[in-house]
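Only one chain is given next, in C-alpha cells, and it is the form predicted on its own.
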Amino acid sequence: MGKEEQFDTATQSVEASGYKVVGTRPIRPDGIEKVTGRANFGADCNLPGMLVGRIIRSPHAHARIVSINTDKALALAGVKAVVTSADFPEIGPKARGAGEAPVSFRDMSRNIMARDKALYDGHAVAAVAATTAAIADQAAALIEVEYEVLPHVLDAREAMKPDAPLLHDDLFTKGLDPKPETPSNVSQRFEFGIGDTAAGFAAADVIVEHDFTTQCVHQGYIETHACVANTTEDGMSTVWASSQGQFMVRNYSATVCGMDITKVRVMPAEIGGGFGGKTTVYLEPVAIMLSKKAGKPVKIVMNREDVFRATGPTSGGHAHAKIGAKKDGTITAGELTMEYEAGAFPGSPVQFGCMTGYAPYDIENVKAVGFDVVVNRPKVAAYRAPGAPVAAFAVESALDELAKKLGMDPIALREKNAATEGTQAAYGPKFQRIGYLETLQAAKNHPHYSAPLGPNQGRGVASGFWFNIGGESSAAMHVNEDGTVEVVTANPDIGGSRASMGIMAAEVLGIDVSQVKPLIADTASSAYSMLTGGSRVTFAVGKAVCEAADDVVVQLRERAAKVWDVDIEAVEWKDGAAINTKSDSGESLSLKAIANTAGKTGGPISGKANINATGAGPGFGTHICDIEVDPETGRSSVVRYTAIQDVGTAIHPSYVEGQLQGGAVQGIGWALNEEYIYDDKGCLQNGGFLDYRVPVASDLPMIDTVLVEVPNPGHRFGVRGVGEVPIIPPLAAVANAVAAAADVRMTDLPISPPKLLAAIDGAK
C-alpha cells in the first residue's frame, strides 16, 4: 500500500467514524519552534552566575572505593563545590517508588553516586562545580580516588554461576522456595504459566527448541542528558531538565537528596528523544546538591561517552524457547526460559519478557520463567516495550522454524493460533476486543507479502504484543476571552501528544483544532501525572483531556442557559455552539460568544480532570521484512519493510505512522548492528556513534506502514497505545528473513557480517 493509498484509507476511516477532527493530520503544534531552533531543550537553559558541573567516573568495572581525596580540587581557583556519596543521605532498602516499573531508591541513590564500590565502568564517584568548563575539567582530574580492583562479570549466565564475582553481599534471590541463605547475583525469579506444558509437548507431533542470545543495546536518543539546578537560600530547588516526566524527576530527586517534594520544582524542557531511557534520573540530584553547596545554579550536560557508559541501556539476554505443535499447525505447548542482564542493580525487564513472549497466541499450555541477574554494566533502563523484543525474538524465530517443519505458510501458522477476544493470556487476564488477527490478514493481503524476491533475498515475518498502560493523569482546560482554548497537561511530548491532546479536545468541544493551544506545565502548575512512558499518554492523559472538555461543555451550557433563562437540560452542545432546544428558531450561541460574555455570566470558564485511567487496550503488530545477503561478505541489507499494527484509532495518523517507522528502525539496528563491546577489563570500547553503529537513512528503504484500526472499548475514541509494539517484531522478522536468504538460522544478535559469514561458511 503506497502513501497516497494509506492517506485515502485514513481519510475514509475518519468520515466513516463520524469524527470531524480525530483522524486528521493538522500541522504539529511544536513544529515551527523546533525547525527554527527556538525550542528549548535541556542544555539550552542558562542562568546568571551559573556554574559548570562535571562528574568523575570509575575507570574500573568492579572496584572497592578505598578513599576519595578532593582537597586539590577544592583548592583550585574557580571551584565552588565538590560532592561525593557522603553528601547524600543513606536510603534504606524498603524505600520504593513507582514508574514504568517499581524502583528501589536505595539502588537509585547508589547508582547516581557510588557509595562503597564502583560497579561498572562509568559509575559516578564524585562531582565538581566550577566557574568555567575548563576549570571544572581541571578540578575533576585533580580528584584522587583510590580503588581496590575486584573481579568482574558481564554476562548473565556467567554471573549466575556459584563462583562468579559477587556484586552485592546482601542480595538474596526472591521468588525461590525455600528462600536462599546465601547471596547471589540473581535478584529474582519470575514464572508465569497456564495449563500443563509437559502434557502439551507429549501431545505434539513436532517440537522446535533453540537457544537465543541478544546483546546490551542503547536507546540511542539524539539529545544527551542535561539539566540545570538552582537551589536558593530558602532550600528551594528549581530544576530545568530534559526528561520523560517532570513529576518523576521531582519525586526521585527529592527522595535521593533527602528533601520534601515541596522543595523541588521541575520545569520540563523539550526532549530530544528518550524511548524509555529518560524515565529515571542521573544528573538532577547531583546538580541539586552541588547547587546547594555552592549557592549558585549548576548546569550538567553529559557527553556522548557519558551517556553510553553511565545511563541505562536495555538488557542483553539469553532465551531458550521450546514450541510443540500438531501436524495441522495447532500449537500444543510453549515454554520460554530467560536470563536478562539488569546491570549493576536489580531491575531488568525479564518479567515483561515472560509475560509477552507467547501473548499473541491462544495456547492451552504455556510456561515462562525469567531470571533477573546483576552484572558489572550500567543499570538498565526502559527501552520501548522493555523486555518484549528479546522474548519475541526467541518465540517468533522458533515459530518460523516450526512453520518450515510443518510445511505451512508462517502467517497461516500464526492465524491458526492467533489470540482473539476471550483468549486467556498466560500472564493472567482474558483479552477483550483486540486486532491481532486483523494485522495478520492485512499482512497476508499486502502486496509486499506476494512480491517476487531476487537472488540471495529472503522474506521474514514476525509479530509482537505490548500491554499498554493507563495510570494517574491530569488535565486542565481554560477558555480564553476570544473563544480559543488552552489545554494544559503535565507530560513531556515525545511522540506527538500535544497534537493528540489538541485533536481530542477539539473533537469534544466541536471546534477547529487551530483554536486549541496544548501546553505542558511544570510541577507547580499542574496536578500530578505519571511520566510519559508505556504508550500511555494519548490513551490515559487523553481520557483526562476528554473529561476536562466535558467539564467545560457543561459550564458552557450553564452560561448559555443563564443568557436564555432556561434550565441547562434545555441546552444542547453541538458543533461548537450551545443550542436552545426550547427556541422555535433554533437559537444558538457559539463558544466564542459565550466566552466573550463570561464576565457577565459567572467569570472565567475552566475545566479540569484528575483520573487514574484504566482500560488500556493491548497492542499487536505484524512486520514483513525482506533481506538481501551478500554471500561473499556476510552483509545483510534490508530491501523492503512493512510494519502493520492495530492502533485502535489513529488520532493523528502521521504521528502514528512515524511511531511504527521509528520502532522498526530501532529494532532493525538491534538485529543487525548494535551491541555494547567491552574489553577484558570490563571497559566499554564503543562509547560513541562512530563505533556504536545505529542505522542511518542510507541503510534503509522507505518503511511502509498499515494502520489497522480496531477501536479499544476502554477509550471514548478507541485509542490504544502505539509506541511500544513497533520495536518488538523486527528482531525476529530480520532473523527470519536472513534464515530464508542465507539458509542458516542465526540465534545470536546482532547478525553482524563476520558472524553471518562464518555461519554461511560453516553450513557449506
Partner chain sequence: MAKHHVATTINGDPVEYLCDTEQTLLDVLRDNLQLTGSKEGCASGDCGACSVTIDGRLVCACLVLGVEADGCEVGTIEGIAEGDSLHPLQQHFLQDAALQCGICTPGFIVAAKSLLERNPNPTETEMRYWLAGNLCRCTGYDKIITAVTNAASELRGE
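Computed from a predicted structure; not experimentally measured. Numbering follows the first chain given and starts at 1.
Form predicted together with the partner chain: not shown, discussed below.
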{"item": "Touches the partner chain in the predicted complex: residue 64 (any heavy atom, 4.5 Å)", "value": "no"}
{"item": "The partner chain contact in the predicted complex: residue 304, any heavy atom under 4.5 Å", "value": "yes"}
{"item": "The partner chain contact in the predicted complex: residue 665, any heavy atom under 4.5 Å", "value": "yes"}
{"item": "The partner chain contact at residue 495 in the predicted complex, heavy atom, 4.5 Å", "value": "yes"}
{"item": "Partner-proximal stretch of 284-292, 564-572, 213-221, 69-77 relative to the partner chain in the predicted complex, 4.5 angstroms, heavy atom", "value": "213-221"}
{"item": "In the predicted complex, the one of 441, 525, 654, 601 near the partner chain [non-hydrogen atom within 4.5 angstroms]", "value": "654"}
{"item": "Position in contact with the partner chain when the complex is considered in the predicted complex, options 172, 105, 449, 689, heavy atoms within 4.5 Å", "value": "689"}
{"item": "Partner contacts for 20-45, taking the partner chain in the predicted complex and a 4.5 Å heavy atom cut-off", "value": "27, 28, 31, 32, 34, 35, 36, 37, 39, 40, 41, 43, 44"}
